[in-house]
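Taking the form predicted alone, here's one chain by itself in structure tokens.
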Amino acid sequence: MGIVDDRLQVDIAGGLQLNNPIMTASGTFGYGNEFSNFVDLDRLGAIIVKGISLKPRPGNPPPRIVETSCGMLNAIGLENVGLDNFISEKMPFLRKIKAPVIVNILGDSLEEYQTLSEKLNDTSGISAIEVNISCPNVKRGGVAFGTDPAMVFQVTESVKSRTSRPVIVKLSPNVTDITATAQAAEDGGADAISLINTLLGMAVDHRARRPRLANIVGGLSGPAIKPVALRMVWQAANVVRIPVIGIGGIMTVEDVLEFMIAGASAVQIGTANLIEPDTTEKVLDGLLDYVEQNGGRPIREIIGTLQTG
């Protein structure tokens, strides 16, 4: 385990303090154990496990990953072991990690989000809950929770009412106005917001005249979405008072710095983990070098310092 450097410490989600701003993005880091041979997990700012649903999900049929220019499309379908199996099979390992463990949850109804929150609130070893609101609300005809500010408010408020742990709401970029959903999450009681989730996209095999994904559409991630993510992080950070966590195409320490200057208190690294499994630790080392090269000033001093005038 590396020595804690207070110059890298940041506060997120209801006063939760991270030793550094480098987090893992849900769905790209498994349940932590899968990366234990590549990364010193204890050094990371926080580990966010892949999304957990109430019951196990098999996910979508293959093919469900396609490379694109500067990124990838995935239609995994939120495959996961389910809540009970997660608690019994995955949490024993996660409790041994010194870095905070954040559990991403997903549901198809308010009741599912509430049940997940209640059970995780009674589970030791969890520092916070991240709420995936890009899921369809089955009681509203499949409309994604994250595209309607009223539903964002409802699911946030529902989760907050069932847990004492800090709540991070992960925003969908597939909206007309990201500031409306950011404010709805804050109004619902979110302790922080994270953004962006993947952008909807598709790929076509021109020879077969068929979609490349069995699900037809999937989520676009990687460097291709970074400019969109930066813009949305900046917009959201300018309308909410709670911490913002940046996600989207982060590959290098320079990317981290850009997101923090735009207003992010911390960042999540996702697709890069699938390219170079030790990216999180390399970026963390780069962040330490940056601090040293800039007079040892705390990294939190750059948050939201973008000059637009």
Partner chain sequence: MMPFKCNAEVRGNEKITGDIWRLTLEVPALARVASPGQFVMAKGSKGSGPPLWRRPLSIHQVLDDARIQLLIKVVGPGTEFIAGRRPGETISLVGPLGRGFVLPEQSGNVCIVGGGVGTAPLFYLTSRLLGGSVKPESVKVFLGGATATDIMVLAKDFKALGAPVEIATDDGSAGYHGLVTELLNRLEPGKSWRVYSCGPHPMMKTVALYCLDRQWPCQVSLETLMACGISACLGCAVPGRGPTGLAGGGGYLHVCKEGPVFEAGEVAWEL
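Residue numbers count along the first chain shown, from 1. Because the structure is predicted, anything quoted here is derived from the model rather than measured.
There is another form of this protein, the form predicted in complex with the partner chain, and it is not shown here; the text below is about that form.
Relative to the partner chain in the predicted bound form, residues Gly30, Pro223 and Glu276 are all within 4.5 Å by at least one heavy atom. Checking 121-129, 174-182, 71-79, 228-236 against the partner chain in the predicted bound form, the stretch whose residues place heavy atoms within 4.5 Å of it is 71-79. A residue is said to contact a partner when one of its heavy atoms sits within 4.5 Å of a partner heavy atom; Asp42 fails this definition for the partner chain in the predicted bound form, lying far away. With a 4.5 Å cutoff on heavy atoms, Ser265 does not count as touching the partner chain in the predicted bound form; it lies far away. With a 4.5 Å cutoff on heavy atoms, Met251 counts as touching the partner chain in the predicted bound form. When the partner chain is considered in the predicted bound form, Leu54 lies well away from it, no heavy atom lying within 4.5 Å. Taking the partner chain as positioned in the predicted bound form, the residues of 47-86 that bring a heavy atom within 4.5 Å of it are, in sequence order, Lys50, Pro58, Gly59, Asn60, Pro61, Pro62, Arg64, Ile65, Val66, Glu67, Cys70, Gly71, Met72, Ile76, Glu79.
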